[in-house]
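Here's a solo chain for you in structure tokens, the form predicted on its own.
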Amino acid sequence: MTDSASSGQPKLTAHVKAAGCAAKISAGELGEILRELPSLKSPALLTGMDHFEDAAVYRISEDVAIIQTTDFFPPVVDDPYTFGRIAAVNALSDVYAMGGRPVLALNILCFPTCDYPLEIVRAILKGGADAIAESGAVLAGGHSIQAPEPIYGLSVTGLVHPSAILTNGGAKAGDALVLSKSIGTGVGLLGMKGEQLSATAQQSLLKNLTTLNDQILAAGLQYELHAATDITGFGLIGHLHEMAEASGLLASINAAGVPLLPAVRQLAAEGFVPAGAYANRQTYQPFVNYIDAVDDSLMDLLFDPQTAGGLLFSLPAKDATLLTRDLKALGVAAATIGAFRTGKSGQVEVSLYDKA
């Protein structure tokens, strides 16, 4: 690995206004931007811009559909190799969230080559390439431009059987919600940049950010999954609202049972909260009903924009404990965090009760 800071070069994150998925345009602003965009329909387009799906899915035959997605962002860490891997893991996740397997990837690179030695950008691309190879996909090129701020990501193509697509709109009343990774990456990254994270907490954060969702999806597919999404820039509450609205249901979660990364609760209490979390709260607060009083630090984490987050599965309650067990065996901090039921579409009820 080549750390730009230790080599005397400017830190990759030094001039980044918003890192990772915290750099996303807020859902409220995005809705306004897309409001008058022409909607071009095709019977072969199985999912598109409706309900903010994770990727587009296009049927090319009775047995094959392609999943197409793109994802990129500014650096979240100063180590270029690690940044490249995190960005690739994040982009590949969209394919897993739709139930597919990635087969082809193209690099998207914006980089100020006058500000950094070329070995830095090579390390970024190497981090991405290694994650792509681990996924089983093929890296086949890409596009690069000069830019004042480093940005890296991927365009990814995946494959799935048309009848096996997972969307965020298939949940059923009575389904349980299983989350496959701890949350708090936005807060954790801000704390790490401020040198407030211990070495152990940093290790947990980076493992969370660099772990592919391939085995997580494989574990989920052993059960009757009704819906899925990955938790990224709109935070747990935002993506859960989208899932509930697309399914025409109400979602309830146990805030006390949501797995958190080490130290992030304290960091949030101390004010290490990215601007994206406040944007998410402003956008999704109208859809949240608090059954119990939840303190601000925990709510900040529920709205915290996640980078390379886990998958959120909706499945029959009878299978939730088994899937959670299987996911924990993979070394991820999985938990059953709530359920869907009939009620106001898109509403999210937040409670505090014992995990048992």
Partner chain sequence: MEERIDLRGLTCPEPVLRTKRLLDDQSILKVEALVDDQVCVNNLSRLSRSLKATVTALPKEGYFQVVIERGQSDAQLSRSSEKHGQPAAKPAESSLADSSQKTAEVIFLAKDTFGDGDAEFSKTLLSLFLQSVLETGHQPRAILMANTGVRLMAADSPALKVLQDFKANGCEVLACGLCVEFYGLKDVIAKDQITNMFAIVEYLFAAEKVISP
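Remember, it's a predicted structure, so these values are computed and weren't measured experimentally. Positions refer to the first chain, counted from 1.
Just so you know, the form predicted in complex with its partner chain exists too; it's not on screen, but the next bit is about it.
- Checking I66, L46, M299, L323 against its partner chain in the model of the complex, a heavy atom within 4.5 Å turns up for just one residue: M299.
- The single contact residue among A268, V95, I183, A228, judged by any heavy atom lying within 4.5 Å of its partner chain in the model of the complex, is A268.
- Although the partner is absent here, I108 lies well away from its partner chain in the model of the complex, with no heavy atom inside 4.5 Å.
- Contact annotation: L30 falls outside 4.5 Å of its partner chain in the model of the complex, judged by heavy atom distances.
- In the model of the complex, its partner chain lies within 4.5 Å of some heavy atom of Q285.
- Residue contact check for I60: none of its heavy atoms lie within 4.5 Å of its partner chain in the model of the complex.
- The stretch in contact with its partner chain in the model of the complex, judged by heavy atoms within 4.5 Å, is 191-199, chosen from 191-199, 136-144, 96-104, 230-238.
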